[in-house]
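Only one chain is included here, represented as structure tokens and corresponding to the form predicted on its own.
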């Protein structure tokens, strides 16, 4: 593995950092308080080319490598963990499903706007009774002539209330089990498609989440995205987990930098608290978590660019880096004392926000089961 970045990778890393300093850092505290972020942020990301890193050139993308996307995600997440996640998911669960599985018409309709940041997607999988268990999906898509008739509910969907279109995971034939699953595109404004916000969240307050409702919602059969089965429905979730691993690195770096500065400046018992042994122990633990997480994420990006199977490495990266972030965010809040409880410092927000990706993108427990299955060759889940 080459540990030296290319000139192009450094350029995009620096672009993302400069963007975040200019467009995010001065405003993110107020966004969090208002529970709303201006949609123009994504348009500006699109104008910088930061949403098209993995998108096809013929639709306005750059078709670059995964590690470049990871570095951009890390830099954005340093200043706003949820924005790092949100920008990366526009690739992993927005652009990539259509670029890989879409028809020529679907690509032409959706990809340019996604790359430019003027169109917003949502990828609708989770239901009230279906989270980790994808086989429990109850939303149905019944073929009636040349149309699918969709009925069901989705919940905790990112961008639910902002999306111009939804990619909805449906069950087309219950008798086929997982082989009946399919992704169907539903444009906002289609009769029978409604939505509602989820408010008063602990984490990701300024990013939209909501519920989707489908009642005899008819869409053309040609709106199906790709084929049938688990792979057709969930193959791009792995890319989201890579994004989570990279975003965690940025947030851990922020926790460490803020803590080092505070511990150098905070005076107690006539000396900086950074001189206390137990404080130095916490800093040392954060340094170790940062370095381990960074190289896990970078190696994952390197392997993804080699087009090898990274199921094991993806689960390691998502699980390890989020557990590391939760430890570092907790330690950083503790080191800041009472100030760590105030949103005047970013740590309070990071501490809250890190709880979300511990749950989504595959819970910590699910990834332990994945790793156990891959190592032992024994599946703990009945299928």
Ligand SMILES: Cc1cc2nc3c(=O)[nH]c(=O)nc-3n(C[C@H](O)[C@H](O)[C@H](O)COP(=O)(O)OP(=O)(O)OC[C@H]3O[C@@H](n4cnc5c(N)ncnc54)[C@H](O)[C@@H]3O)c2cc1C
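Keep in mind that what you see is a predicted model, and the values were worked out from it rather than measured. Numbering follows the first chain given and starts at 1.
What comes next is about the form predicted together with the ligand, which is not displayed.
Visitor: Of 157-165, 75-83, 244-252, 104-112, which is the one stretch near the ligand in the predicted complex, taking non-hydrogen atoms within 4.5 angstroms as near?
Guide: Residues of 157-165 come within 4.5 Å of the partner.
Visitor: Quick one: is residue 22 in contact with the ligand in the predicted complex, heavy atoms, 4.5 Å cut-off?
Guide: Because no heavy atom of residue 22 falls inside 4.5 Å of the ligand in the predicted complex, the answer is no.
Visitor: Residue 374 near the ligand in the predicted complex, any heavy atom under 4.5 Å?
Guide: Outside the cut-off, so no.
Visitor: Given that the partner is absent here, does residue 256 sit within 4.5 Å of the ligand in the predicted complex, heavy atoms only?
Guide: Result no; residue 256 lies far from the ligand in the predicted complex.
Visitor: Considering non-hydrogen atoms and a 4.5 Å limit, does the ligand approach residue 131 in the predicted complex?
Guide: Contact with the ligand, yes.
Visitor: Which residue among 263, 126, 225, 99 has a heavy atom within 4.5 angstroms of the ligand in the predicted complex?
Guide: Looking at the other structure, the residue within range turns out to be 126.
Visitor: Pick from 356, 335, 41, 64: which has a non-hydrogen atom within 4.5 Å of the ligand in the predicted complex?
Guide: Of 356, 335, 41, 64, the residue with a heavy atom within 4.5 Å of the ligand in the predicted complex is 356.
Visitor: Give, in sequence order, every residue of 210-236 that has a heavy atom within 4.5 Å of the ligand in the predicted complex, or say none if there are no such residues.
Guide: If the 4.5 Å heavy-atom criterion is applied to the ligand in the predicted complex, 210-236 yields nothing.
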